[in-house]
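Just the one chain here, the form predicted alone, laid out as structure tokens.
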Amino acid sequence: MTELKNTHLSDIHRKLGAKMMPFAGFDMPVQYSSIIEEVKAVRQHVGVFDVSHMGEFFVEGPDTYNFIDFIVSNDVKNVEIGKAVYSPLCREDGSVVDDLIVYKLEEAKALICVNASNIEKDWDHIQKYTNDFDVTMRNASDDYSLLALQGPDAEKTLSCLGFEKELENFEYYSAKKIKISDFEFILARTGYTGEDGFEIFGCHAGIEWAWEKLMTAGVTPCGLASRDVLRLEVAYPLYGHEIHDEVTPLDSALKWTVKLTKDNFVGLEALRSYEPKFRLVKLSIEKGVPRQGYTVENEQGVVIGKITSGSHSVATGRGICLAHVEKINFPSDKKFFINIRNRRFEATYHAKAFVQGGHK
């Protein structure tokens, strides 16, 4: 059995009484107080997550943005320096390797943040295409720690770290390099909760310094369980659930990230001719909790899909889920039923996310 990795803050989490569990090869804090308290803290005030398990790749060289624009489906090349871009990473057949965020730090330097479970897979996939471009890549995943500060009070909370001047004209999905208290950080205004928030990338010692400052300021420490509820409430996809090796972005409500008008990118030809097999739907039920793998049925009891993510929503008090429904069998009346241990629960179809987040 492979030994679990620790983040640099693992001992601190244990001292705070966090419940630790394996996740993506790491021993991660899943819960501190309660999921309800942590979700409410992020929706109403501010919470912080240790997400140091995520992977960081740096790309440098004259062809940095031509290269990245080629390996991802979204438009990176035409976005300003200092901005961030979310995108799937696809294979030649259009299937999803991972989803990631590209941070355009300088004219010839970018940071790519990838999911922890896919660091090696993503590195191997991306490396295959470097020979045709004047770029160098560095896997800095072991050198960086990462905090996600999320919630409506996130911006004013950053004052305890001395970041006030850095926030002037700092828009949503932006990123910049800063130096505070002799530590160098990369600050990004992105997030995975739907609320306003920031990612703080830094060396291990710098992130430990930032964590302690945030704790002193009364920020609520949050675990991965509340993070999953928060992202599901705003209907954000998660790798391994809504997106995976056997679907394309077009199957998972990510058409907006696939720029078929680009000159070229990995998977372009396949996606141009691809007819989606699934529609990703948002469903809720008044009683019961829909879980991943439960089946979705039409009014006649025919199985037409499967839940990809499900949980109890703290914000709405209902069971909520995302589900892949076969496009060919999508019910025109939008009547759906969820089968939970051989009991059928009528579900409400949602055209929009269950919760409207407050990001800037």
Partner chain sequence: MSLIKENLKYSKDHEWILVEGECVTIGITDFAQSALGDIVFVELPEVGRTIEKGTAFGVVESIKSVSDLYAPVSGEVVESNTDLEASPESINESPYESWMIKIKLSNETDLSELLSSDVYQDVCNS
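Residue numbers count along the first chain shown, from 1. Because the structure is a prediction, the values reported are computed rather than measured.
There is another form of the same protein, the form predicted together with the partner chain; it is not shown, and what comes next is about it.
Candidate site formed by His8, His53 and Ile119: none of these residues places a non-hydrogen atom within 4.5 angstroms of the partner chain in the predicted complex. Screening Gly162, Gly288, Gly82, Gly240 for any heavy atom within 4.5 Å of the partner chain in the predicted complex leaves a single hit, Gly288.
Exactly one listed residue, out of Tyr294, Phe26, Phe67, Phe58, brings a non-hydrogen atom to within 4.5 Å of the partner chain in the predicted complex: Tyr294.
The partner is not drawn, yet in the predicted complex one stretch among 42-50, 28-36, 296-304, 328-336 has residues with heavy atoms inside 4.5 Å of the partner chain: 28-36. The partner chain is not shown here, and in the predicted complex it never comes within 4.5 Å of any heavy atom of Arg14. Although the partner is absent here, Val229 sits close enough that one of its heavy atoms falls within 4.5 Å of the partner chain in the predicted complex. Contact annotation: Arg343 falls within 4.5 Å of the partner chain in the predicted complex, judged by heavy atom distances.
Put simply, Lys19 is close to the partner chain in the predicted complex: some heavy atom of it is within 4.5 Å.
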